[in-house]
Structures are given as C-alpha cells and as structure tokens.
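Only one chain comes next, encoded as structure tokens, the form predicted alone.
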Amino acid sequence: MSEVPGLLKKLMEYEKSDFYPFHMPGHKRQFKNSFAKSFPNPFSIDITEIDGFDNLHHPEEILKKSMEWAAKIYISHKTYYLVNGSSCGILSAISGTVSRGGTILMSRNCHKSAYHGVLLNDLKVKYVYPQLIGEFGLQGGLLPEKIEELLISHPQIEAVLVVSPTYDGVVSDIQAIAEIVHRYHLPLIVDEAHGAHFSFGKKAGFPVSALESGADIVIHSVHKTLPSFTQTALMHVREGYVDMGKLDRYVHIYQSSSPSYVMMAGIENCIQYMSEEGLKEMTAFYDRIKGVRRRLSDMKGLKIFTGQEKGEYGVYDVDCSKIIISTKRTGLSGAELDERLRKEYHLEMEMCGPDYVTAITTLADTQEGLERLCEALLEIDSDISLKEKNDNGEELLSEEYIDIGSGMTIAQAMDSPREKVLVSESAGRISAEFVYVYPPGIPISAPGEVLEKKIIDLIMRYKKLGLPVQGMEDEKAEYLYVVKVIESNNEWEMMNKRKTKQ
C-alpha cells in the first residue's frame, strides 16, 4: 500500500507554525474570535437534505427563509447562497442574461471564470479595457464613456459584465456605468468578489457597494474579505433588467447537487456577524489599516499604493484594505520581495507581480500580524538598493491589458484543429489556450486572440521572473497550443467529416 501523502497532517503542522496569512480566506484562521465563537465542530453539522432542512435546489423552508433574510440585509430582490464560489455566480449570470451565440460586453480584466462562461455559451465578446496606473503598472478603472461607445457601435450586445473592485482594490464608477447600461435596457453584472465587505463598511470609509450603485447582478466572494469558509459566495439580483426565471435555472445547473450545509451555515453566520457586531469592527479595522498605511508611507525604496490617483485613470475609489507594495524603484522584483517576506519573516502574501506584492487584510487581522507586516517591510526597505534608472522592459507589465486582436471566438479556437508550438515562436498565431498568472487568474491571452509579440515577450518575462504562468496544457509553460493553419479546403472538409463521425 502506498504511503498517504498527508495533507491533513501538513495543514495541522502549518496551523501551529508562526506563518501569518496576508491572503484569503478572510477569517485568517482566527477561529476563537467573536465571529466563530458559537460555530460548532463542522463534522457535527455536516448533513444532507434530510427532513426539516430544506433543499437548496428547491428551497421552501429554512434555506428559503435564510436567503430571503440575507436579501433584506443587502437590499436586493433575491440573494443566492453559492457553495461553488463566485465562479458559480459569474457562470450563472452570463448564461442567464445572454442568449447562446450572443454578444456580451466584458471588461478585459475579468477572472477566468467569465471566459469559461463565454466558452460554454459560444458567445462573442466585445472588450472594454481598464485604464493603467503607469507608476505602479496596475489596472485602473473603467471609463463609463468607453462603455457607452461600445454599446452604440455594437447594438447586438445583450449584457455588460465588469470587475469592480479589481484584485488591487480599484473601484470604477459603477453608478455612472449602470445609468449608461440601463439607457440601453441591458443588465449590468458586477464581479464584486473582492468587495464583499463594502456593504458593511460604507460608514467606516470603505467604497460603496455595486449593489447600492445600481448594478443588476452582483457577485460576492464572502470568503475573500469576510470571515467565512473558502468557496462560500453570494449572488444578489435586482428585478427589472434580468430574466429571473432563466437566471434561477442556471444557478441550479452550476451549483453542486450536494451543497454543503457547513458552508451554507457559514454564510449565514458570517452575514449575521457582519450585520451586527461586524459593523463596529469595520470602523476599528479601517482605523488600523490607516495606521499601517501611515507607517509605510515614508519608505524610501519600496512604495505603497496610496490611492491618490482617485479621479484619474478611471479610478473612482480605492479599497484601502488591499496593501500593494511596489518594488519598481528598487533592485528587487515582486517575486523576490514575496520570497523574502515568506522565508525571512514568515509572512505569506496573497500574490506577487513582476514588481509588486499584494497583501489582503480583513477585519480578522490581528494587531500583532499587522505590526509584523510593517516591521518586515520597513526593515527590508532600510537596507534596500535603489535603482538609478528604470529598465524599459519593466513597462511591459502594462501590456497585459492592451487591445489584443481577436481572430476567432473562444469556442471556435478551442474546438478548431490545433498544434503545439514553442511559446517563444508563437507570435502571430491564434491561441487555442488560456495563458494567465494565478493568482489573479486574469488571462494574458485567451483562446481566439492573436498572440502579438508584446504578449509573447510578457509571458517570457513572467516565466523568467518565476511567476506562476498557467492555463496551458504544458505544465512547464514552454509550449502553447495554437489554431492549426489549414493548407487547403480539402483538409478542412476532412477535419469536419471526422468531427461529424465522432
């Protein structure tokens, strides 16, 4: 018998270590805190659809009441508990608002699950691109006028999907975008996965939620920034521009047929805490984060993203709980800073880019943990070497969001005959695979897009920096599948005949 790999043992050993999480889930493993003090042993409440406990796929009793209660708190017409993460909500929203083979307007910085929704429904996509904050190489916001331009020039669009806040906490002007989208009698879907805390933190100083700004469907990952289990999420819906019956049908397609009662109880517990004691905690949390930002504002080499860009680059507001540290003025890459924080200080960041690291903070973070982050960054900054001049190659970071030419739809590219080529030799070809760095899981290139030289250079640079380039079948990310060049009509006919027989 082979030896058990020992995942549980490794998790238990890690739990006893002094590694501190500046990453999701938002409970930060603080199970003795007030939000979890009454939560029992999960094994004791892990049941199935037995008498008296309702059915998530046909809720009539306790689950129906629980989701209606949640909808009242969020002031939505309907709120769904999602146990397959925000991806389930995004897939449901796309499938429920756009006809098969139809067209969706989507921000290019959407999570990969949005692209999967496009693939599954064989949709055509028109992209709106975020602005770029050049000094940091981060995504800015979306300009409402750009969205209107696309709606005017592409009247076949059936729905609009945008991301706000971004992974880095940048919020777009959702109210203005919603007003524009509604003028064309279309639904606005907002992936607010990283803004689940907004609804409870507005008075404390956090941005206003998309739900309050006029969006029709809003998806929240409660596990990302609130004290809830990984994989728990919510989808809120407003009546008017959404076919509620069609959306409901797709939610039940994408949800597991065996939903976890532990997760659903965790969602309810989280909402109850946040709507009561959590409201006060959000104010205290906001003050703690402001203190962290003040301490880090005087670093000489490393630089913290302050959000002073509000009003520029499409930035309407900024979530201060995301701590973004730029290494551009130093001799360190983002991956090297990430590694130092992990190895030397036992601080685990959420993610790193070529020249920055991202820390996710939540109301569950301890003062000790925040102090450790400040002291580590200040100590690294004190002995860091400054760059005398910038490497022009670093500007390639922004090319992740250039307007890429599209040769086919995602579905067409993935279903077409394909061949494998070296990534370094794929310029000018049409990609048949996704390429992204995970996290955050935003495609650098999607199937159907032309692989321009700038994109190839960006992928090669990410690989050289040791970033987790993923999405391709080749685990080493050396080869990429591209759409095969068909030499003659006869070859096309033969390919189609083989597909028909299969």
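Keep in mind it's a predicted model, so treat the numbers as computed, not measured. Residue indices: 1-based, along the sequence shown.
Keep in mind that the form predicted together with a small molecule is missing from the display, and what follows is about it.
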- Message: Even though the partner isn't displayed, in the predicted bound form is residue 438 close enough to the small molecule, meaning a heavy atom within 4.5 Å?
- Response: yes
Using a 4.5 Å heavy atom cut-off, state whether residue 85 contacts the small molecule in the predicted bound form. yes
Residue contact check: residue 191 to the small molecule in the predicted bound form, 4.5 Å heavy atom:
yes
Note to self: Test of understanding: in the predicted bound form, would residue 377 fall inside 4.5 Å of the small molecule by heavy atoms?
What the structure shows: no
With the partner omitted here, the residue among 273, 167, 313, 254 that in the predicted bound form has a heavy atom within 4.5 Å of the small molecule is 167
The one residue among 221, 321, 431, 97 placing a heavy atom within 4.5 Å of the small molecule in the predicted bound form is 221
Legend entry - Candidate site 90, 111 and 163: all three near the small molecule in the predicted bound form by heavy atom within 4.5 Å: yes
Testing 205-213, 287-295, 223-231, 274-282 against the small molecule in the predicted bound form with a 4.5 Å heavy atom criterion leaves exactly one stretch, namely 223-231
